[in-house]
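Taking the form predicted alone, here's one chain by itself in structure tokens.
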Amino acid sequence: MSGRLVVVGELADGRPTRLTTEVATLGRRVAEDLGRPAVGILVGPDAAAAAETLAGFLPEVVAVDVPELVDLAPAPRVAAEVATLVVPEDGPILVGASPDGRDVAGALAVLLDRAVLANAVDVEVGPEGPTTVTPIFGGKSIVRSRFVGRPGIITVRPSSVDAAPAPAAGRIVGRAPAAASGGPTVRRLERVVEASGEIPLEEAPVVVVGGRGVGGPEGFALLQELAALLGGTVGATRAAVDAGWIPYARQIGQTGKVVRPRLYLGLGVSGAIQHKVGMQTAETIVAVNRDPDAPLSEYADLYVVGDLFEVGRALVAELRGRREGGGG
């Protein structure tokens, strides 16, 4: 079938990533607005099994089982498989803007000779076709861009869309892997997984974030306690990460992760524009800072001027009291 909108999925631990379901949700809506069918593609080990999840979001999913990707960096092979699926009449190709997704988009741009529009948070459909919506300058401005001529590749920023299943599950089409493309092969020599029982930052309903005001690595113990009581995860600003107080994997912002929790609790966070980019879509933003004029005060739903340790310990005591009293 020609004229499709194509969604390129990404696998992690044998399942489609959360970002993949977000991109699929956006892709389904854009395809409906364009009057085109939508199809997803998953490439990797046990792709057929993982396709059952993605089929809950798209009317059709092509599954290409490639067992050897267990030991290989996926982007070159994924791009090669997607390139064999796409035909000239197909519409835009949507890819998640993860590290691997950006690599896939770049490779597809070369293989298919298509342009790329990066870091979209939305795609609007008008008389001239799809238009991407992208914040720039730390969110101070919004740029709307569209392809001139043939539709190209759009990378979608994480946590910019609420994943929503389709009314009915789609069909799964199995496909044998294409012949080796002769492109580069990148073998994984080592895989390091952070040892943590916490919910991943991108999926956490509550994120407790520390900034420069935390004062050092020992200050994050209070944040860990608060996060545990709230059922959330600890994050950090770039200043805290650069100081070596917490690993880079916890960084939120323009050069870190984008989060969209129900509650963002910032302690000692000034809220510079680079950090705002990564958390401004939180449903509720609560902050504690001694500086009444910190940038975060301008967009927080609740801003407490005070010592973060005094306020934090009071919160811990209150939450513990409620738990012990059965108040939840």
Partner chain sequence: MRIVVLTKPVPDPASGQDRLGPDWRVDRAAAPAVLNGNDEYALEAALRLVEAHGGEITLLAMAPPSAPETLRKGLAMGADRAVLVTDPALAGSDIPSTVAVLAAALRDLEADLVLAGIDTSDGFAGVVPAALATTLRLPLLSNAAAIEPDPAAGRVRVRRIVQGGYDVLEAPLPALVSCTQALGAPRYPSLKGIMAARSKEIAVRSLADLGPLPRPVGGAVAETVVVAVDPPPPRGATRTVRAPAAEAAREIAEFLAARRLLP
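Positions refer to the first chain, counted from 1. These numbers come from a predicted model, not from an experiment.
Quick note: we don't show the form predicted in complex with the partner chain, though the next part is all about it.
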Legend entry - Partner-contacting position among Ala178, Ala83, Ala166, Leu230 - heavy atom within 4.5 Å of the partner chain in the predicted complex: Leu230
Legend entry - in the predicted complex, the one of Leu222, Ala204, Leu117, Val161 near the partner chain [non-hydrogen atom within 4.5 angstroms]: Leu117
Inset, instruction - Kindly confirm or deny that Asp100, Leu111 and Arg188 each have some heavy atom within 4.5 angstroms of the partner chain in the predicted complex. - result: yes
Inset, instruction - Using a 4.5 Å heavy atom cut-off, indicate which stretch of 167-175, 213-221, 140-148, 83-91 touches the partner chain in the predicted complex. - result: 140-148
Inset, instruction - Would you check, heavy atoms only and a 4.5 Å threshold, whether Arg262 touches the partner chain in the predicted complex? - result: yes
Inset, instruction - Could you confirm whether Ile285 comes within 4.5 Å of the partner chain in the predicted complex, counting heavy atoms only? - result: yes
Legend entry - Distance check, Val277 to the partner chain in the predicted complex, heavy atom within 4.5 Å: yes
Inset, instruction - Report yes if any heavy atom of Gly129 sits within 4.5 Å of a heavy atom of the partner chain in the predicted complex; otherwise report no. - result: no
Legend entry - Contacts with the partner chain in the predicted complex, stretch 283-304 (heavy atom within 4.5 Å): Glu283, Thr284, Ile285, Val286, Val288, Pro292, Ser297, Glu298, Tyr299, Ala300, Asp301, Leu302, Tyr303, Val304
